[in-house]
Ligand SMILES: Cc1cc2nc3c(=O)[nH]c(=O)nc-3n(C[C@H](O)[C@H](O)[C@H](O)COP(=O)(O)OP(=O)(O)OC[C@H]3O[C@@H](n4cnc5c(N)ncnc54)[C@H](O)[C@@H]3O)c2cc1C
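Presented below, as structure tokens, is a lone chain in the form predicted on its own.
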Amino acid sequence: MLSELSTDALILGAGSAGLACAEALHKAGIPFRVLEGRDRIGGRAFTDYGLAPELPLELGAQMVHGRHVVTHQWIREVGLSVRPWPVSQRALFSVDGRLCRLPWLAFPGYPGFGFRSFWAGARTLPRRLQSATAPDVSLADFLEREAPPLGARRLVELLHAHVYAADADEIGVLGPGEEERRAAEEFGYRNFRLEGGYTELFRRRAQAFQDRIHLGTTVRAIRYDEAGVTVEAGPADAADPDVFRARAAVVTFPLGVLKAGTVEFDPPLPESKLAAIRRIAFGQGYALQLRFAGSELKDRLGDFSMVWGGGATTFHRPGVLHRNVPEVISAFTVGREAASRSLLSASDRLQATVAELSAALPSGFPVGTVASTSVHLWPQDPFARGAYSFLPVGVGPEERQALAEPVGRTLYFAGEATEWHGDSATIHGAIATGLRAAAEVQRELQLQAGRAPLG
């Protein structure tokens, strides 16, 4: 044993949920410590500032989803700003060998995509998804039954499976449909890019309590009872971990870590929570940033935001609506293919990605030369083990609520997988769970102190 430290609350993980919880406890004057296995804060949000210094590039969480979510408040309060990211409005879809835009005006004869296809993909099919009844089926089976035009199928697969880092045959219909009904903003919300990057946002948010964050401190075991929590944690290569004691602990590990069982809980977690961990699915994905030299993509295709050919990768342009920035493509690969490619060598992964981009473009279109790349392989990250959570066939938001339930009076849970109000798999959803867990901890500590609980 290297040392033993005591406090009122331990927060396990310094991602969005953990930092939100820490900030709330800090404002409430409650002593706490944050234990983070990585050598940085931010969790599954991680910004690269080296590949294109004029254009911070996100290797994890890409966007701010929605116009009114709490992330905007977080950004304003630390002096950062956002820029609208017209993902759909300037997207290009490869349909029947042609690149087609979404027809925002009712042009019945619009080539390739067509207004009928657009309306089915953007309105008719999503409404049927949200009103579907049992028995539950996969999104792939739902689309097979509905037999929509190819363009409509592509749009639905993109917005209702790809965004969850899942394949269409992995994700359910009833659970995600219920989440979309519960969400604070209607699905299809506006998207924004954070100027300065998520890493800078979290650095600024954590400045007031950075001395309470222990980086490079991997949690190995969590022992708990009604009297409190003992956590064994330390450097991954340390023979003897440090011991941290607290009256309560907030677990914010990604679902992939909980599924892997790399952290010992003593006693084991209740069966209801273990069942939720098993039943909620965890998507696989990563963003491979490609900086091009001498690219003709913008010159030939215009100031587009995205190209998608229906495969495992959507190709985004972080520099859309910018002037005088390098030509960078963010290749966001998801599902089984992401898990598979994450095991490849860097050169083989790049080759597979560029081949997929070339296949999405018209025949003979010059892709250009990739000068440099940057990536963080979340499927291989021991502190993430994937991208974010989604609901497969037969699983509903009630499983997220079970995952979020405290265990006794000492063990609390946060993180995007515990968000049951419709905002899972988002930064703002994770922040909300951190604030919820902080309120639960504060209420319990006040009860223990003999004071009235919070309202």
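One-based numbering along the sequence shown. Note that the structure is a prediction, hence the values are computed from the model and not measured.
Note that the form predicted in complex with the named molecule isn't included here; everything after this is about it.
Stretch 377-385 is the contacting one of 140-148, 292-300, 169-177, 377-385, since its residues have non-hydrogen atoms within 4.5 Å of the named molecule in the model of the complex.
Proximity to the named molecule in the model of the complex, taken as a non-hydrogen atom within 4.5 angstroms, holds for one residue of Phe93, Tyr224, Phe332, Phe244, which is Phe332. The shortest heavy atom separation between Thr353 and the named molecule in the model of the complex exceeds 4.5 Å. Remark: Thr217 counts among the residues lining the named molecule in the model of the complex, judged by a heavy atom distance of 4.5 Å or less. For His26, no non-hydrogen atom is located within 4.5 Å of the named molecule in the model of the complex, even though that partner is not displayed.
Residue contact with the named molecule in the model of the complex: Ile427 places a heavy atom within 4.5 Å of it. In sequence order, Leu59, Gly60, Ala61, Gln62, Met63, His65 are the residues of 48-82 having a heavy atom within 4.5 Å of the named molecule in the model of the complex; the partner itself is omitted from this view.
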